[in-house]
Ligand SMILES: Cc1cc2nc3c(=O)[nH]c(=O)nc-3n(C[C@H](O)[C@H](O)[C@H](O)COP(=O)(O)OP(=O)(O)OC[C@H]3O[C@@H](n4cnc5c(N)ncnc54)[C@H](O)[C@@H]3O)c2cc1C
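In the form predicted on its own, a lone chain appears below as structure tokens.
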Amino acid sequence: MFLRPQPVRQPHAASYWAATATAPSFAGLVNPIETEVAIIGGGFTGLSAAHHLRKNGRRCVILEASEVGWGASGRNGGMAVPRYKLTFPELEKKYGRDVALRMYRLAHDGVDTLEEIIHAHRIDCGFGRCGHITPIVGEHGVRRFAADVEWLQQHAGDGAPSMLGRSAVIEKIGSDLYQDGYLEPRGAGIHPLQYCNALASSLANQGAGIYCGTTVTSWRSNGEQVEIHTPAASVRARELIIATNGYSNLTSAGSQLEKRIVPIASAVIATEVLPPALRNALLAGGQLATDSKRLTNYYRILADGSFFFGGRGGAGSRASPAAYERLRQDMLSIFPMLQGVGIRHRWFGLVAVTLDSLPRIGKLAANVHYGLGYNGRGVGLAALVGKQLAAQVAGEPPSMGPISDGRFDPIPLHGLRRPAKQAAIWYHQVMDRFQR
């Protein structure tokens, strides 16, 4: 089999998270081993799967090409929001009410599962149910989210989410750009890389094998056993879990998954520590925020009082200097009072996007499992998918509606994804301006 150029062991991106996390050290695999379950990928999904496998008494190893949390898991906004890109009325229209209600319960199960893992391992990663706001620009967005609030009240018996109104969203966000806001008080925040690092350390102490700098180049299943190859040694396992998400194209090991998703660069900047008066004027209630625009911006106040601001990085799989400057200008258009505040960190990660904006869990063979495609909602959903993957390994088919039952074929003309992404970005930019 042709092998692609191998990614070398790389340090974490120069991010705020990497600068403020305690990094464990895990050696690479040098000798052949046998185990019950091998997991490719040491991010949110793989670590959750390992936690639940160990909880069920299963032996497992994690094989990570770089460092724990090196991909999107250690680079994201650390926002666990119990919802999807689609609203619940939109999910009902597409899949029916019973499925939409099932999806509603799963979204909350995801955040609950994340919290359970954190408590089980006593992880200090700043977890808190601080609440999440979706700031809204335009009447269309207001109607869309107001319908969501009404649907949840009528069909799920859930009166917790609410519309804020213009004056309240201005007060809570600190910007007068928005017309309204959708508040989900059960949204949670974490330090995502510290969560990964601490969970990996705890799992290793409990007997899970964690091998970093260990690139899986290929695997082969005969139905009874999977043989997994790395540059230094091989692994024999009864079951394999592939948890490579937006980085599935790094080696041939992810070749059956890479064309089913589109990796989108999401860029992030973090400012210098804000003066107290300015810090208290932004997100004064401590909530996290992800706006409702097609080209989303997301932001929060960090633990040291600096400001975190993220958004899509462009059509490529990297973020250029121009992308970071565009991101800074986006930040200033929402928060002009940040003019003159220095930028201390710049980094990016890859968001795995699917055609229907929902993640997927499934099998490539009887004993080869996968979970990926979180569309920017992976902090909570990946914890749940990891739990479901551990159950699937035990012979329990997942019941996750279109997440587990939907078609997940390769995307047609996948090789044209970059010009298609650029065209989509231009379209969404026009639509975002039009709806203001």
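One-based numbering along the sequence shown. All of these numbers come straight from a predicted model, not from anything done at the bench.
Omitted from view is the form predicted in complex with this ligand, to which the following refers.
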Looking at 269 to 277, 327 to 335, 347 to 355, 87 to 95, which stretch has residues with any non-hydrogen atom within 4.5 Å of this ligand in the predicted bound form? 347 to 355
Any non-hydrogen atom of Gly376 within 4.5 angstroms of this ligand in the predicted bound form: yes
Any non-hydrogen atom of Gly77 within 4.5 angstroms of this ligand in the predicted bound form: yes
Is Gly386 one of the residues lying within 4.5 Å of this ligand in the predicted bound form, judged by heavy atom distances? no
Would you please decide whether Cys125 lies within 4.5 angstroms of this ligand in the predicted bound form, comparing each non-hydrogen atom pair? no
Can you work out which of Gln194, Thr215, Ser306, Thr113 has a heavy atom no more than 4.5 Å from this ligand in the predicted bound form? Thr215
Contact assignment for this ligand in the predicted bound form, among Cys60, Ile403, Ala390, Leu63, heavy atom within 4.5 Å: Leu63
Is every one of Thr134, Gly181 and Ala284 within 4.5 Å of this ligand in the predicted bound form, counting heavy atoms? no
When this ligand is considered in the predicted bound form, the residues of 31 to 53 having a heavy atom within 4.5 Å of it are Ile40, Gly41, Gly42, Gly43, Phe44, Thr45, Gly46
